[in-house]
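Just one chain is shown here, as structure tokens, and it is the form predicted on its own.
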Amino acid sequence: MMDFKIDTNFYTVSQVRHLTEHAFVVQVPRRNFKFTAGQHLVLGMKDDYHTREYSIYSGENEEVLEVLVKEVEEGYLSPRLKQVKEGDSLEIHGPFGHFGIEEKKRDTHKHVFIASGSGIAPFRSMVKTYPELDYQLIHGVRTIDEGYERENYSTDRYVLCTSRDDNGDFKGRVTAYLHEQEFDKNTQFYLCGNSQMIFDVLELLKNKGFGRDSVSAEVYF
């Protein structure tokens, strides 16, 4: 009798949710994939050597595994992922990374999540995992339609900063909003998104008296 080895790195797509023209969520059954909220995975198409890192969008206790993808029109992988449908096969490896909430600070500190664009993904995972967390989520986007699935967050804990329209909670960039805010000294900050936003916010927080021990960052590009 021949033995057939099943490659456990292949997952069958169970759902694709299109959020905007260029942003979508890919969902697969979680199976035995264990991760900590804030970590990322490596995702690729079956029979294709191109892969990319994506933060995990779903919570630790959910039965599904999700990633939020923003299509890069001149990119290789994201336009192909946009075409996947239920029943297609994807290759997933991981989890990887150490971005997340320190257990010893989870219940003793306030947590401020600062994201740009699809950088909101790990914060959704954290909020889904720790629904009682004392958090504020500040999301910087261009227009209100990029406030991806904002109904997932308590309205009193979520601030949408829109730089190109007046329909968000704050008109302007994340840095402009943060400049006007005061934070408790026991606040932990988590930054995820493009490098320029992160560098600008790090400098702003430094000027407000918060050192690197109070800030964790995950750079997307």
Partner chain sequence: MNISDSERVRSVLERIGYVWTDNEEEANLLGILACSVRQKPIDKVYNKISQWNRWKNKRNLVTFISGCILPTDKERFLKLFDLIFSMSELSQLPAMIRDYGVVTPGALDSSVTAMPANENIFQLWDVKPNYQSDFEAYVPIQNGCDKFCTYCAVPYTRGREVSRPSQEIIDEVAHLAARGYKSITLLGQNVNSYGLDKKGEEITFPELLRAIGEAGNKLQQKFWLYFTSPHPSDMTREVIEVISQYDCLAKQIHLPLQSGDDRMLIKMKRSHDLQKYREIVQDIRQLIPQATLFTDIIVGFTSETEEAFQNTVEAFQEFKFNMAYIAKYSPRPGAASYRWEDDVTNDEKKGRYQRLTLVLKRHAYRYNQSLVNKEMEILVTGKDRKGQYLQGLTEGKIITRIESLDESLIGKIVPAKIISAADFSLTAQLA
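Since the model is a prediction, treat every value here as computed from it, not as a measurement. Numbering follows the first chain given and starts at 1.
The same protein has a further form, the form predicted together with its partner chain, not shown here; the description that follows concerns it.
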Exercise. Thinking of its partner chain in the predicted complex, which stretch from 113-121, 90-98, 129-137, 146-154 has heavy atoms inside 4.5 Å of it?
Worked result: 90-98
Exercise. Taking the shortest heavy atom distance, is residue 167 within 4.5 Å of its partner chain in the predicted complex?
Worked result: no
For this session: Answer yes if any heavy atom of residue 18 is within 4.5 Å of a heavy atom of its partner chain in the predicted complex; otherwise answer no.
Result: no
For this session: Using the partner position in the predicted complex, report whether residue 42 sits within 4.5 Å of its partner chain, counting heavy atoms only.
Result: yes
Problem set entry | Contact test in the predicted complex: residue 51 vs its partner chain, heavy atoms, 4.5 Å | yes
